[in-house]
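One chain is shown next in structure tokens, namely the form predicted alone.
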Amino acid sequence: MRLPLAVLALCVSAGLARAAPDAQDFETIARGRALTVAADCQACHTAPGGQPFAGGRPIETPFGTILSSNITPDPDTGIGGWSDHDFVAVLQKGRGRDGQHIYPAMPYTYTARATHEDDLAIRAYLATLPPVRRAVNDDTLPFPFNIRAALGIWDRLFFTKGTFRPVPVKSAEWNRGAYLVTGLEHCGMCHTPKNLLGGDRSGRALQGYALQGWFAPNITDDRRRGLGSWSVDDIVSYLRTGHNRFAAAAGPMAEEVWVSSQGDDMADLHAIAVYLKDQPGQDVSAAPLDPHRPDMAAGAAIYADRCSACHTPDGAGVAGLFPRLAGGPSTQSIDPASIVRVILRGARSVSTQAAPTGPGMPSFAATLDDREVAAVATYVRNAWGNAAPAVTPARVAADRASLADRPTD
């Protein structure tokens, strides 16, 4: 395999010329598979009940829903007829095979940081997959968001091209973690707040964002709302198994663990954890609400009756079975979307370890009204040293109505 001349010339001019990876080389394909798993490509490019990587999964955006593309090597409906240049252009430039801008639901603002060599390794692995003939219509956004030319303006505002550059004063492990988190792992795609145009609020990187009816929590080292109380090993355990002594993965994060991070190399998981622990949070001081408030008193009674048997009276939970609520970053998030959703819809966490499992979190939508859900959520967010804004019945009512249109988790 040869690098396209334009790319080769660029590499030579930058003093980076090297042989392109051989797409038939086993080590290249194995590395490409590991990178594909790290990038969580299968989750987005596989429709519910569909063939892996064949596309058609609905991807929610603030501007409408689009369908993911077929990335199997089918020559007509997939990427089998693409050149290496075509493939790299998607990851590095956010451009499709025809040169059109693609929507940033594809995380090219992150994958652009990956090296050319890693891009070609992913390409080599995808070429080994069974081809699936499935045409996907990705022009599903309403006017005016279906005008792709406008994405050129969006890119100029929010897309910085260029591969990752190591930070010389940081360790090799830190830089590996930074390469993954800000690149192929695209953690900020879910965990970084977005502006009105859907671009990252770079000044608040990894500080949490609401999406798909959940709140992707703060994953900086913020001691109250982030990972400040977690050790590096706690983060590694969570990414590897879906559990640690503080939390259990549910919702989109459970899928991420199951499809992606459980398969990551342990050294890479450790590097990710080291990088995240070095990301400063806001550490805003907060005081818990007065326990004598009517909603706190009502919430305490509901918790004792409905929740304490599993999560324990002191909110400590049971490691590996029922999540800890005391000191939990998700519990104290600015946005209560996740805790309200779990109370209303229930949740089943994921565990990649062979261990006894509980029955999962049941739904209380039919047995608790909006006022009661708000009260118990407010209590959990302000008991045992927790501190977070109160949840209102109006917020619960709005979330209940929104969840009615969503499939069961």
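Throughout, we count residues from 1 along the sequence that is shown. Note that the structure is a prediction, hence the values are computed from the model and not measured.
There is also a form predicted together with a small molecule; it is not shown, and the following applies to it.
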ask   = All three of Trp230, Leu321 and Arg348 touching the small molecule in the model of the complex at 4.5 Å, heavy atom to heavy atom?
value = yes
Interface segment, criterion being heavy atoms within 4.5 Å of the small molecule in the model of the complex, picked from 163-171, 272-280, 288-296, 127-135 = 272-280
request  = Considering only heavy atoms, tell me if Ala316 and the small molecule come within 4.5 Å of each other in the model of the complex.
outcome  = no
ask   = Is there a non-hydrogen atom of His85 within 4.5 angstroms of a non-hydrogen atom of the small molecule in the model of the complex?
value = no
task = Classify Gly360 as contacting or not contacting the small molecule in the model of the complex by the rule of any non-hydrogen atom within 4.5 angstroms, answering yes or no.
result = yes
query = Any of the heavy atoms of Phe63 lying within 4.5 Å of the small molecule in the model of the complex?
reply = no
Residue among Ala365, Ala47, Ile29, Ile59 with a heavy atom within 4.5 Å of the small molecule in the model of the complex = Ile59
